[in-house]
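Before any questions on binding or motion, here is one chain by itself as structure tokens, the form predicted alone.
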Amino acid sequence: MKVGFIGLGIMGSSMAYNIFKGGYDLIVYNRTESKTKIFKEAGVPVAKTPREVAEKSDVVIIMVTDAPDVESVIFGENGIIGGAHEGLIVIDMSTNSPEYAERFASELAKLKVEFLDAPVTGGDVGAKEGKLTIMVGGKKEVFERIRPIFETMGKLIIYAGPVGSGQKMKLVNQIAVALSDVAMIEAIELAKFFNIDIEQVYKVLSTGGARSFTIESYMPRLMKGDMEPGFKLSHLRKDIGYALEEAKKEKIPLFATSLTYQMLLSAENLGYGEKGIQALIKLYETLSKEKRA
């Protein structure tokens, strides 16, 4: 199968390159052309539009920021829809709402184009190492056809159910990630107050009952003062917003998730949206300074 990949950001670039290393005939597109450099150097064709990607592919993968971006890539001017052909498979690996996934699938079905929603988790490290967890919604037979492509990017590929199920699974995951982020930062803040050696705190948190991916991946960055994104804070805020929207529809109370959304939004308003999720600590530091003043 010829594979097209649209969106070469922190995650997408590594994911696309792993597909290429897996032996697939690849073509890529990114709005900012400078991010296509490593692909050009590897001899991978770079398309001028999403439409061109669709015209030259059997499978098109999208990895962009939010649902409106996916919508623009598919249905906008020079979008995938302009190059759509019967049998084309479009896979959205971005994170957004199940409602959008269902609508995208419905519209593409009119053109006899298949659609899967397949968001991922594992951060920039998982993307680089090809060890992402991939959660897939859509027709199972289409999923099975695409599984070998997913296997170039991930170590755990989950078929979650009908269209939209991948997004639902990811939103569940993001709640756990967000609350883990808060737990890590509050533990660090108290440790700082106690004047405990943070290196020793990390040893305890990364090996004992508090052990988590968030601790192991993001706490070492915090200890070095590294706020650069493995996963952007603004993206986590966006994901939690979608989770709360879904919960609101069914009147499901999510107390801690609602508070965490406000915390992420506040950190974003302070200017840390483009930093990693560990930059939430800056909100605490800001409030602590004000309290001392």
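Heads up: residue numbers just count along the shown sequence, starting at 1. Just so it is clear, the structure is predicted and the values come from calculations on it, not from any experiment.
Omitted from view is the form predicted in complex with a small molecule, to which the following refers.
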Note to self: Within 4.5 Å, heavy atoms only, which of G83, G154, P98, G123 is in contact with the small molecule in the model of the complex?
What the structure shows: G123
Next item on the list: Indicate whether the small molecule has at least one heavy atom within 4.5 Å of a heavy atom of V64 in the model of the complex.
Entry: yes
Item checked: 4.5 angstroms heavy atom contact with the small molecule in the model of the complex for F231 -> yes
Margin query: Can you work out whether G4 and the small molecule are in contact in the model of the complex, taking contact to mean some heavy atom pair no more than 4.5 Å apart?
Written below: no
Checklist line | 4.5 Å heavy atom contact, M11 to the small molecule in the model of the complex | finding: yes
Next item on the list: Can you work out whether the small molecule is within 4.5 angstroms of a heavy atom in all three of R103, E107 and S165 in the model of the complex?
Entry: no
Check: Tell me which of 198-206, 109-117, 144-152, 90-98 has residues with heavy atoms within 4.5 angstroms of the small molecule in the model of the complex?
Finding: 90-98
